[in-house]
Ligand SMILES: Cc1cc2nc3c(=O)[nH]c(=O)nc-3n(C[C@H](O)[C@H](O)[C@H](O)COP(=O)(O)OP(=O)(O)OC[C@H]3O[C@@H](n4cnc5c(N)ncnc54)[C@H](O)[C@@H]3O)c2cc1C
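For reference, the chain that follows is the form predicted alone, supplied as structure tokens.
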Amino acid sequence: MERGGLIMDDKATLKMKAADGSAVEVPLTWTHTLVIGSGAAGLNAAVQLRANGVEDVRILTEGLEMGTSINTGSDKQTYYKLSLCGEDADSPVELARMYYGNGGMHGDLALVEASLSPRAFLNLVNMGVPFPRDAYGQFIGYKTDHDPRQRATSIGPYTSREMCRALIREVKRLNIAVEEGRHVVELIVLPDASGSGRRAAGALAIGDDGRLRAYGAENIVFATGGPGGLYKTSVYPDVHVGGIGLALMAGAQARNLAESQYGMASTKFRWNVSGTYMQVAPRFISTAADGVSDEKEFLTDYFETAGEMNSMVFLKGYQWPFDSRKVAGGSSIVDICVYMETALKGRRVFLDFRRNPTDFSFETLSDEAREYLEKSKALQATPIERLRAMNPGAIELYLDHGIDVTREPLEIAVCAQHNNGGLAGTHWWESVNVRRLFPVGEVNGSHGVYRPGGSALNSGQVAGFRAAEYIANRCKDWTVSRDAARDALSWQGERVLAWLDRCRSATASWQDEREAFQQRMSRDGAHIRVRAGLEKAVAEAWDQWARLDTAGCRYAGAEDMKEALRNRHLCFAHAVYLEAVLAAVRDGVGSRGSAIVVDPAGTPVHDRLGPEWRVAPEDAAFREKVMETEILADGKVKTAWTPRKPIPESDLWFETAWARFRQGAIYDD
């Protein structure tokens, strides 16, 4: 049905041929703007689309209770924004300079994320997210990593979860259509009507029931989150795998894929062990592979004194992400030691809060650590008592997931945590080379080399405002060719059905295939990078993709079917990511962000590590560039370095700025 040029939930059927020649009817739903994903970014995009007058909005999601936003957090999960308390002067440009100063980020994106941070934050407050404020209405702030100002805030370990819950309530209040149990397996991209470039036009999804479904759309808001399913050692929740590979397979350009963040996290229940988990100075132990025998306090081998060791562990609370600048003489040496025990020696590592490390003494701690614990009234006799005094919720959190850290050690590893890169978007969050595709949230590569803690939550909320406003003002009319979209959906759907048929005779299971690429990514594409290993990994990755694309992977039943289909885009994505990481190493970027490049000609990182632990220094010139990655028509991956855009200088004279706004000229910039 058409109303005012908008097709309102127009349902039809596509007829496809299965591999055996039989006819398959696939439901087809037309939606003006399709939102794929239901994390905090996607939910806000849907809400803001309605607020901007776009009525025909539909959310496709695996489940409203799935994904990273609603299932993850940290000791004190941070939301980062413009300062809204105290005497410190702040402004959008000042905050943009902080973003921009971390390198590898376009200035227009920095300014947008800074400018809209109060609006995005207060929108959450108005929906009931209880960010702390004082008696006078000031939203209290604190300092987060990479920023000396008090711009951060938090409601505790579940900040993003409560954001999602508030947004879900709003989605339901607005009666926005939501289809749960939908797993997108293909994005539909068509030649643009202008004759140049391409545009998004729809998607294919598999239901929990194993049935294929088709969706035609004028716009797609792509909110599939970070690449959680690419890594074996990961703190992304089990229910989140990510979907960036879908867009990469459709030819969408990516940005800064090599820039990810890694840090220590628990593995039985995936959670960052930052903040007070480290500040209470737990005992680090490793065991044999059985998790019991040959227990050893391995960190003592790498420090001159117990005081130095425990002070570095304390600092991990502040400096939780692995940081290439903090390896030599800094706290990230702890991550290296954990990595050597687990990845190289095949042992298991645990935090033991029940007993102090050998020779622990408050007097031997650094002044910073000792004074912090004194001010926090946390001078108790054991780590668990200190943890209970400073943050009892940190103990309860693990109890809620069947782990009692008062009675058992907590297994950890160095895990993939966040991708600072992702798909390349404009400052309106539209893909730079696929029109009408709007990547929002972690799947959008708006960040640079470093990012202040909590800025990802702000970025995702800002993205929802930007995409919705642009769609409402520039993409509201229907321009997609419905006939071309139907043809593409049918053709892609038949390819999916044929691939699933080939899976029947596949030799490898979907579990085996996933294990292979996840291990490859954690070994070669994570925080420890070696050129020779990457060259081998890239070749192996494309070999696996070719085999998987041709022969499929074995599965049993509807539940396994969606996992088999996920392997297609996950395997493709991991090959592209490895290409980007190899390009960064090969081009001489060096060690930066949350990764080090091991190089025999490099600088030793620690006098107690072997000669193999020498790392290439950073080439700071690359801070002024952004890595762009694109899959060409012939399937080859093209990587290039583009000079980053400076922070824009806007015309801030009110009368002329007001005129441009009234005329809608701001959407042409």
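Treat the numbers as computed from the prediction; the structure is a model and nothing was measured. Numbers for residues come from their place in the sequence shown, where the first is 1.
A second form of this protein, the form predicted together with the ligand, is not displayed here; the remarks below concern that form.
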In this chain shown alone, the residue from Arg436, Arg283, Arg466, His418 with a heavy atom within 4.5 Å of the ligand in the predicted complex is His418
Of Asn256, Ser332, Ser431, Thr78, which residue is found within 4.5 angstroms of the ligand in the predicted complex when only non-hydrogen atoms are counted?
-> Thr78
Residue stretch of 234-242, 493-501, 111-119, 422-430 approaching the ligand in the predicted complex, non-hydrogen atom distance within 4.5 Å | 234-242
Any chance Ser260, Arg529 and Gly593 all have a heavy atom within 4.5 Å of the ligand in the predicted complex?
-> no
Thr61: touches the ligand in the predicted complex, heavy atom cutoff 4.5 angstroms = yes
Indicate whether Leu28 is a 4.5 Å heavy atom neighbour of the ligand in the predicted complex.
-> no
Indicate whether Arg182 is a 4.5 Å heavy atom neighbour of the ligand in the predicted complex.
-> yes
Find out whether any non-hydrogen atom of Gly216 is located within 4.5 angstroms of the ligand in the predicted complex, and reply yes or no.
-> no
Looking in the predicted complex, the residues of 49-88 with a heavy atom no more than 4.5 Å from the ligand, listed in order, are Leu60, Thr61, Glu62, Gly63, Met66, Gly67, Thr68, Ser69, Thr72, Gly73, Ser74, Gln77, Thr78
